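Shown next as structure tokens: one chain only, the form predicted alone.
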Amino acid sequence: MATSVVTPFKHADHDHGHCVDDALAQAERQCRQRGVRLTPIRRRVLELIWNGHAPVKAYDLLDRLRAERRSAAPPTVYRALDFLLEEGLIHRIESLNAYIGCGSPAHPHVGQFLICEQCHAVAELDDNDVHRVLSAKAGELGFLVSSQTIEINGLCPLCRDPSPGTATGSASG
């Protein structure tokens, strides 16, 4: 199977408003289909995560929520994050202890994340070949893989060549 780009790096003319709207609409559909509630606070946390294409930390989310709702507390944010993770609507970037929206929450997948060291943008890949190879190598050592997340650091196309029109990727998602 070929590598699937779940969420590409965004290029200069990316329609971010459309991107956020699509993510929220997808989340609402998915929650409705699964019979779970996307409460206003869960929806708002998801929206805050999608407001940028860089990973966001829980306490940054809390600060943004407190600007809107003085009563927002850490358990509120962590419960919302737990729900969003469980439903596959977001991913946790372990190395940064931060969260990013999932570009394809309706399709369960393992994630390979390309993290820009300069602007902190993240692209998400889903490559089953990588998953299979690592699982096989682990199995050779008698290790059974229960979950797998790969994080690769480097420079995104815009940071490598900041001149207009040089970035690759899709405006959707």
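We number the residues from 1 along the sequence you see. Predicted model, so just to flag it, every value in this text is computed and none were measured.
Below: the form predicted together with a further copy of the same chain, not depicted.
Taken together, the three residues Q33, R37 and A67 all stay farther than 4.5 Å from a further copy of the same chain in the predicted bound form, as judged by their closest heavy atom. Put simply, L48 is far from a further copy of the same chain in the predicted bound form: not one heavy atom of it is within 4.5 Å.
In the predicted bound form, a further copy of the same chain sits within 4.5 Å of a heavy atom of R160. Under a 4.5 angstroms non-hydrogen atom cutoff, a further copy of the same chain in the predicted bound form lacks C19 among its neighbouring residues. Contact check for L155: a heavy atom falls within 4.5 Å of a further copy of the same chain in the predicted bound form. None of 135-143, 38-46, 23-31, 52-60 except one has non-hydrogen atoms within 4.5 angstroms of a further copy of the same chain in the predicted bound form; the exception is 135-143. Residues of 90-120 that come within 4.5 Å of a further copy of the same chain in the predicted bound form, judged by any heavy atom, are E94, S95, L114, I115, C116, E117 in sequence order.
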